[in-house]
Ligand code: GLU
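Single chain ahead, by itself, as structure tokens, in the form predicted on its own.
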């Protein structure tokens, strides 16, 4: 279908398997499909491919929906919203798959097979010994229905395999051009499992046809599946949707992005304190460029700028440092209400004492941490405020380096500072700053020699917002109480 085709009939889908939270690669696939649908006035369908019961996680469906909505993506048909082509969970569409299998069997395009796992493993061993890849050998003659019944009675696993045509297959790809796959790389594959459930291949093809999908836009890891799907469509008399396979997402070392690289799920970035508008902007740039070196875009701007010609063929690289820089800049430019809402969302995903803070306190913390990278940084720097003054846990390395070093020079500084802080009437940041700088000048030391002992005494570590804000946020009574507790805890 060309871009001039009836836009109202243009339908794309995102079809995740509910095994956990939404992966970054899946989020990109969903986003690109959404952008195409919105750009062309078409329909974006969310379909849950939950036929693999061994990996199914029921609560993952809600997690995927929540992750998509957090990113700002909504679907026109699918779970929670319905539509004319439902149900949108494959586990509820078994009748369609059974009918397709029956048609393929009746017309001689599929057959029963009943090798045991041990027999299949023996075939693999033979192939390895011959230094060739295993290619399933079609039986001759084909098993009959009676053979299948007998095998079931014997307790053997009975599956249905599709008969791949004996020819090379060409995948017309909107991004890669025509991709030819030789017949020697293709084999008869299972479409119905021994438990009676459909495989991914069958359910995928049946549902794309039933839901009138115009374009299948998915990752390149599915490229070798597409010849199978084209062959199934031909055998079932289905029209072929267009296909386009997105480049893979690699880490900065040029290897496929995986859990070994750290967070790869959308929820993990949400829980780490990234803004959703930053995440979706960054995800859009994984393999697509709007041109003119443009990088910063809202979702509406992406819709206006998106086209498939901007999708590259080379693999995308996930640059965490760049994402961090994006988020730092976005947070610096955001207004009070946006930051407060973002911080509240972060707190809803994490167990932290900071969650008890009211809006005014959170606003003060965000201001005290200006220049922060993520909301997690604000949380980490400010948790000390919500701990009992006598419950501070001191980082041993900070104590040794800042307080005990030099015959207890840091402790001595605290002893000198305490009466000066107690005498200070205005306990806001500016008077505190003047006091500490005056103390440093009088003692002939750098400000760090004054600030760091206080920071460790008040927070338990050498990391916090500016020392002036830290002291002001705690207030006089709590500041003095923590200094006393620190001095009393000396070994």
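Positions refer to the first chain, counted from 1. Owing to the predicted nature of the structure, the values given are computational and were not obtained by experimental measurement.
There is another form of this protein, the form predicted together with this ligand, and it is not shown here; the text below is about that form.
Peer 1: Choose one stretch from 199 to 207, 160 to 168, 111 to 119, 147 to 155: the one whose residues place a heavy atom within 4.5 angstroms of this ligand in the predicted complex.
Peer 2: Looking at the partner contacts, the answer comes out as 199 to 207.
Peer 1: I need to confirm a contact call. Of 240, 222, 317, 338, which residue comes within 4.5 Å of this ligand in the predicted complex, counting heavy atoms only?
Peer 2: Looking at the other structure, the residue within range turns out to be 222.
Peer 1: I'd like to know whether residue 218 contacts this ligand in the predicted complex, with contact meaning heavy atoms within 4.5 angstroms.
Peer 2: Answer yes; at least one heavy atom of residue 218 falls within 4.5 Å of this ligand in the predicted complex.
Peer 1: Does residue 15 make contact with this ligand in the predicted complex, using a 4.5 Å heavy atom cut-off?
Peer 2: Yes, contact at 4.5 Å.
Peer 1: So in the predicted complex, does residue 49 come within 4.5 Å of this ligand, heavy atom to heavy atom?
Peer 2: Contact check for residue 49: yes, within 4.5 Å of this ligand in the predicted complex.
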